[in-house]
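One chain follows as structure tokens, the form predicted alone.
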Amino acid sequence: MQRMEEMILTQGKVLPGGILKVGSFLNQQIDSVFLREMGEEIASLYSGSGVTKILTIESSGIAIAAAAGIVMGVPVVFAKKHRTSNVDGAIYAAPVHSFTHGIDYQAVVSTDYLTDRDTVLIVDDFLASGNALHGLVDLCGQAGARVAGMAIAIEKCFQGGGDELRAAGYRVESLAMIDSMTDTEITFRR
């Protein structure tokens, strides 16, 4: 998606440690017009794939997942990063390591919201090493749900997660794919 690349180049900022800050349009402040475009692009990419639910993980993936869910006309489920008092009853749980925050947590989803009748599109804001996506795939597996594929706003290809998931047989569609980043330059995969 050319527009995502343009937004990254004009509004993104590379921080130490390989972190791409896109808070001005995607993570803290959301450009709602651009969000709609992302939802439409994701819906177009997965048109005809039989998606019945979209699954993401809190919190930055929720807006993108909701935009795609609105266009596709399907519910959006988000895994919480910790079991809280409002998650009652049986749950699916999967360990996830956060690259950005450097912590481990348990992603949890109520068994009420993910079933073996679902065909799931996994949506997230970033794909780096793939830890969050592996956790979401694990949750789908526990539910017996089929994974239609993954839609990612920004993939940091140099961290290998997307290549690993594709090699495992998953369809991964990223709106922008970054091959390398330095403090002064971002190179996109063509």
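Remember, predicted model here, so these are calculated numbers, not experimental data. Start at 1 with the first residue shown and count on from there.
The discussion below concerns the form predicted together with a small molecule, not included here.
Think of it this way: in the predicted bound form, the small molecule has a heavy atom of just one of 29, 32, 59, 47 within 4.5 Å, and the residue is 59. Contact annotation: of the candidates 127, 43, 147, 67, the single residue with a non-hydrogen atom within 4.5 angstroms of the small molecule in the predicted bound form is 127. The stretch in contact with the small molecule in the predicted bound form, judged by heavy atoms within 4.5 Å, is 118-126, chosen from 138-146, 47-55, 118-126, 33-41. Contact annotation: residue 98 falls within 4.5 Å of the small molecule in the predicted bound form, judged by heavy atom distances. Contact check for residue 177: no non-hydrogen atom falls within 4.5 Å of the small molecule in the predicted bound form. For the chain shown alone, residue 20 is a contact residue for the small molecule in the predicted bound form, at least one non-hydrogen atom being within 4.5 angstroms.
Of the heavy atoms in residue 132, some are within 4.5 Å of the small molecule in the predicted bound form.
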